[in-house]
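This text opens with one protein chain seen in two forms, each one given by itself as structure tokens under the names structure 1 and structure 2.
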Structure 1
Amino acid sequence: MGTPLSRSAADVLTSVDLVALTPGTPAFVAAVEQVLTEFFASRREIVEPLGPVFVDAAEALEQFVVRGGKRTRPGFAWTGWLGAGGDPSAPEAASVLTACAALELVQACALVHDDIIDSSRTRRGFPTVHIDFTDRHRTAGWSGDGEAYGSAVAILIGDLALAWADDLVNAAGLDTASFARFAPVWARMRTEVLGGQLLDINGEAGGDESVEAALRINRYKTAAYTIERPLHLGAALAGADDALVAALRTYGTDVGIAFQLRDDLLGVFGDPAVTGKPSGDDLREGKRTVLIAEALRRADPESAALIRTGLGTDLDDEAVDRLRAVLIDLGAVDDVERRITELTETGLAAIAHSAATPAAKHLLHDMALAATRRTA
């Protein structure tokens, strides 16, 4: 089941108090990063024989993964396991956390590829991977198209992240029964996130401006692999029954969509100093979000033309401000805020009436508010 970690999951986390570990805290982030750092170290014996260029690519992936992020997906997976009765003091707890950490590599794949698709230049305050390797090509004075080189390398780095996500799961040390419950959910999640990305690309190319299409993309591109399936994965590891899995998935879908709706608002109105991305970047990238779809649904011909003409162009700050004002005046921002509130409430209601442990219910309440009221 893949190349093992240089140390077992229990050895890697021997200094971590798994019983006290709470998602969203610095201690949880540090524990996940400890797993990831050890995993990257275990890959070096595979990477080094391929030569310096592959070493550089692997190091770029490692830096991308370990230098930022709230570890949201592992947090929800760990909470799903706890909520279904998982015991953090049990011997298998370290293996469970290791498998949860693999979600960060799926996330890395999605982000690296998404930045290429959206032509984004920064991520978390750093150059995106394809821009980084474009710059390396230029600095080295190599032949050929530097931008094409940067995109090609970034595609492969994203692919490597997805492959290594599987490797980390396989190296986690899960017992046979737990792995058998985990694997089908893992397979569905990977397919859903790729399918959601394709729906997004197709929606933009095909010009589908409906709110329904935007919500479908949110469901599969973000909600499924950010909250719904991580919770499902954790619950599966703990052997949860169908009723609890259904409640967790309802929460995950609703809060996951609300999470993306908040992201859509931040992509237009967020503070660059907090989000790490230029202000109004989603407008320049031409993203067909629920915010934009709702604005177009409400718009008169003049306002609709202004939105359609501006989206996906190199807008200056004044043009961004003008589009923002239109979105506010049309009531689209208020509508998205309403959706966020309603989805968060229905998600929380599903958990409140479920068989999840009281501690997990409390955690999921706080995590829902953190996901939907954030500023970055």
Structure 2
Amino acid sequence: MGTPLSRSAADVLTSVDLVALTPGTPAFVAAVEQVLTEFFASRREIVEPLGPVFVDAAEALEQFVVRGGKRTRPGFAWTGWLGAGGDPSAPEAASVLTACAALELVQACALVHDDIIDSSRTRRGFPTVHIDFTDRHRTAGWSGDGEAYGSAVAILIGDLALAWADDLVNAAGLDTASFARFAPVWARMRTEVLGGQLLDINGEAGGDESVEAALRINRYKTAAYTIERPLHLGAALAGADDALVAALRTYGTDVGIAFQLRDDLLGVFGDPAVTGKPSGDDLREGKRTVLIAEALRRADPESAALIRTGLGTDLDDEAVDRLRAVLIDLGAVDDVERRITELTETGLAAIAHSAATPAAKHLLHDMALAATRRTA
């Protein structure tokens, strides 16, 4: 019965020098991936008795997770823990890194389900999970609706990721007091990201098109989930006091929103050679960003009509240029640039005046500039 189902976090990470681990570096990415790979291996004894169909699905999830980028969320969580005085040479460090890595499984659920919701066909250069299983259905020559099958499998694979996120936390070996500090923040984080996604699809369906509504989506879908709560989780694990938690959360919210605002600008004005996405792609997709909301707020009826009729349609390059000019002329671009600057400053100020460790302050400073001044 009560078998732990996984080697302890400390065993998995014996070969990793946690003291030298810096978020964003290849070594950090490798350490997170080692935790995840080991966790997936530990699931096999539950998955295999159900047969090859389920084994295939679990492997599809593993490939999806292992393919995943920079490990931004575990990076912020680890930084929050270090910044609040967490000791990477202490025995609990491996458990902390394991709990941080679980954020990648929540992210896997969010992405797999989001891709169904947005009918996205590719992700990170590969077919999305629902497209992958739609293809498998066709290849097998099965009966019935292949797209419905693909979506059904992807719903279940996303669910599996979400359940396994909690299983990884539970298997991390956190001590009781740490777990008790971690769990309520973890609860808020998971609920907030689901709420943020809901606000997003609601906004697209035609709800509130105000600047405030767009900012709220940024806050919960991106900022809280990507920076604020990961930092908060790490700080909670280290037993940070309320003042430090508040400073980290201010930084996370402000820099997180600024990060998304930069993303919004790049989605309209970014250089395709740098972003890897077609120029003006967000305009064609009809994304309801703060940039668009601000432009609509400032627009006379004629400009507003131009924006509303153009957004979400198959715009040619000339039409993209025309819309860009409208956004600039209305002052919406300047407004968003001003917000990015202000939010980055308030975020950095909160950290500067906090009791975070000097090393973490330095790291958070660099992470803020990387997130808000990037070109891709």
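Given the structure is predicted, the values throughout are model-derived calculations rather than measurements. Numbering for residues begins at 1 and runs along the sequence of structure 1. Take the two forms, superpose them, and find the largest set of C-alpha atoms that agree within 1.5 Å; that set is the rigid core.
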remark   = Same chain, two copies; the copy that is the form predicted alone is structure 1
key: Core-aligned CA displacement of A180 at least 2 Å between structure 1 and structure 2   = no
request  = Determine, after fitting the two forms on their core, whether T253 shows a C-alpha shift of 2 Å or more between structure 1 and structure 2.
outcome  = no
key: L291 C-alpha relocation of at least 2 Å between structure 1 and structure 2, rigid core basis   = yes
remark   = Cα of L327, core superposed, displaced between structure 1 and structure 2 by (Å) 4.6
